[in-house]
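Consider the single chain below, provided in structure tokens and representing the form predicted on its own.
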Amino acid sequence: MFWYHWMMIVSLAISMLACLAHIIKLIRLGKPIDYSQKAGDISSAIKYSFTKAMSPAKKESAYLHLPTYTAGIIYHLGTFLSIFLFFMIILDLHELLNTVLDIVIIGFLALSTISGIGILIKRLSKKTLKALSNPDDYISNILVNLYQLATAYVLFDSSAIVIYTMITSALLLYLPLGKLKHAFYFFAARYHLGYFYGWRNVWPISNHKN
């Protein structure tokens, strides 16, 4: 193994330990306390929270902004793909990819990076979004954009491994510090949302409309 392998492994270990601390904190907090009288099925509501409630048709912030929602989906898919490729690169398995697959992956990562840049431009250009934004919003977006771009670049040119290592390590070390840790808090947030609306018999919506 080369030095850049170790640098990424150490960065990953530090990042995962810090994220584990967040997960332990969530577990210790336990279930949300609700002093009102229970009126619904919490289990069904939690299931709904992770399934149908995620549909753009059920989210006003999504169906009123479908281009941005679509860009966000592509952006996240590009991130998931980059994470998968990270482990392939760590294990030196990326060389197993053939030329055609490399081209397809690079093309998709280029599209996902453009989507991320588009989201950043929208945040910078719209007054309402800009007023709600803080430095972390910009840092997180730029880091992920660079990470996806670096992933595509290293697939195209293996000599770019040093650049890829620096960007990847920076992203991993920033992950538990900024909004990128929503990768872990997402599950707790959806659970609590389902618990809250299930307790009050608001979710699943189908129980009321069908």
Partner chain sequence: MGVLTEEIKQRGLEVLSSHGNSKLLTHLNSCVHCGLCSNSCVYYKVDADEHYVPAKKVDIVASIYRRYNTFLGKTLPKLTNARDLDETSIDELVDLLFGSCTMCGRCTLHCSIGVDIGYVVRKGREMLSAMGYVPKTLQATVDAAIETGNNMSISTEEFVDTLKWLEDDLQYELDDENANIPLNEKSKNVMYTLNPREPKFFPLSISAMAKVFYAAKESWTLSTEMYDVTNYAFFSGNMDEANIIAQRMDTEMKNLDATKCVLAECGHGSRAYKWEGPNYLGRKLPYEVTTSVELLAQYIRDGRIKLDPERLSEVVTLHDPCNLARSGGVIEEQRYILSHVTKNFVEMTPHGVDNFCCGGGGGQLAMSEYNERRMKIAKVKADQIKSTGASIVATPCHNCVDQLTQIDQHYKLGVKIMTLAELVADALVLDEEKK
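None of the values given here were measured: they were computed from a predicted structure. Numbering follows the first chain given and starts at 1.
The discussion below concerns the form predicted together with the partner chain, not included here.
Residue 134 belongs to the set of residues with a heavy atom inside 4.5 Å of the partner chain in the predicted bound form. Under a 4.5 angstroms non-hydrogen atom cutoff, the partner chain in the predicted bound form has residue 129 among its neighbouring residues.
Proximity of residue 182 to the partner chain in the predicted bound form: non-hydrogen atoms within 4.5 Å are present. The closest heavy atom approach of residue 18 to the partner chain in the predicted bound form falls outside 4.5 Å. Residue-level contacts in the predicted bound form: of 166, 160, 142, 54, one residue has a heavy atom within 4.5 Å of the partner chain, and it is 54. The partner is not shown here, but in the predicted bound form the stretch 15 to 42 reaches within 4.5 angstroms of the partner chain through a heavy atom at 25, 26, 29, 30, 31, 32, 33, 34, 35, 36, 37, 39.
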